[in-house]
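Single chain ahead, by itself, as structure tokens, in the form predicted on its own.
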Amino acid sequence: MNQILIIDDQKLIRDSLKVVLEKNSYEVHLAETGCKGLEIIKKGGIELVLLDVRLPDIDGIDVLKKIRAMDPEIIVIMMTGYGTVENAVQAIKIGAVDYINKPFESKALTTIVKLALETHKLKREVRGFQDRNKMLYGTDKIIGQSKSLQKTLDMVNKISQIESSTVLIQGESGTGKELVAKAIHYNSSRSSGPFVEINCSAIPTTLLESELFGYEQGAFTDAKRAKQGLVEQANGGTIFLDEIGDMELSMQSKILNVLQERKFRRLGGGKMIDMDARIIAATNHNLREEIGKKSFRQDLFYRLNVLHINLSPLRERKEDIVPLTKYFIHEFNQSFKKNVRDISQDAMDLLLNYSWPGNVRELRNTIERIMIIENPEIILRKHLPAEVIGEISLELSSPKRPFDPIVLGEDGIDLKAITESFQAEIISEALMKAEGNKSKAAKLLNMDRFSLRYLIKKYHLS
């Protein structure tokens, strides 16, 4: 039940308002002076105050200032029998949501109170939604410890503080371009505005223009009524143009024009509409190469490339595989109510040595699939998909030098021990050839330094 406080020095008004509001299921508190009203507010629970401008002890405007200082969330509606434009303007500036003149009809008052409470509730819900998005898409939710990722996150934090400069995100599929775009939006001053996403490769070119810019009634056969486009809907927020490298040249020129003019027209319309949205574009193409092929406009590239973020593929930042795997296990334990405790070391070795062509998305899908279908207590080598195991097997069975054939006897063999022994021998030889230089040894073995350091430590090699 909403709690309302009436602060008015006239008993008749206090009592009559109390009767009217209680009939509408509000809990009503009364105060005849500003000081008594402030004491009631200090106790907590008051959501809305009906405040008279003229009080015997404190001026109503001063009471409003004190209420705003105590709790800015409280709704205040000013009442007066001596209303002036100056008083009304001053009250609204300080934070009152409305200003009504006495005498007023009870129905009109209850309508104002109801609308004020509903509006306030919606604002609280919107703030809660914004806070949730900030938490979901904060840079701390982008998992990894590699230097390249940390550099990217520093860039994201800096870009978030800038109001509207265009951003271009480049990276292979699955590297997290959408996640970075959302982190920029939800941690910026535009976070209260919409985040509008459009996949440029998923919408046919014939429809893309009307989707982006909207249309007026009668612009084409099926245009029965006017429609806002996504650019217009994104005003005050961000529009995310995913896979912009797949956009045809005819549309690229229209996007370029919008970026230059910050204005656009709906299809079939003559009126120019202002664009107040930050544009973040993303692509898995090398746009400089596409420019050379004449499939991407150079002038559009330079317009988009004001602030640039390049996301490295997972194979180039293998330091992130371990924390990402642990994070996904924890995430899916919560989502699917599973109890997977860990991943075995040999299974983790395979993850570290796999090239991950699908990047973080592929790793996430791999862990998700294992936890849903296998549901192991510990993720083992046997739970990994064939492509992850197969790539390692291929590497180990194709050494750079001949080796003695392995005879499979009746009692079988310990494949893991033999594989690890052979791997340790090859790494030792590479270290000797490189005279102990780990960077050179890693190049000889076609692996990154992090993976090599990990294996050196695992096999106790000097």
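In this text, residue numbers run from 1 along the sequence as written. Because the structure is a prediction, the values reported are computed rather than measured.
As for the form predicted together with a small molecule, it is not shown, yet the points below apply to it.
> Would you point out which of 204 to 212, 173 to 181, 372 to 380, 251 to 259 contains residues with a non-hydrogen atom within 4.5 Å of the small molecule in the predicted bound form?
So the stretch in question is 173 to 181.
> Would you mind picking the one in 88, 223, 94, 142 that has a heavy atom within 4.5 Å of the small molecule in the predicted bound form?
The option sitting close enough to the partner is 142.
> Pick from 303, 315, 326, 364: which residue has any heavy atom within 4.5 angstroms of the small molecule in the predicted bound form?
Result of the distance check: 364.
> Quick one: does residue 149 come within 4.5 Å of the small molecule in the predicted bound form, counting heavy atoms only?
Although the small molecule is absent here, residue 149 would touch it in the predicted bound form, with heavy atoms inside 4.5 Å.
> So, residue 284 and the small molecule: in the predicted bound form, are they within 4.5 Å at any heavy atom pair?
Residue 284 belongs to the contact set for the small molecule.
> Would you please decide whether residue 243 lies within 4.5 angstroms of the small molecule in the predicted bound form, comparing each non-hydrogen atom pair?
Yes - in the predicted bound form, heavy atoms of residue 243 and the small molecule come within 4.5 Å of each other.
> Quick one: is residue 360 in contact with the small molecule in the predicted bound form, heavy atoms, 4.5 Å cut-off?
Yes - in the predicted bound form, heavy atoms of residue 360 and the small molecule come within 4.5 Å of each other.
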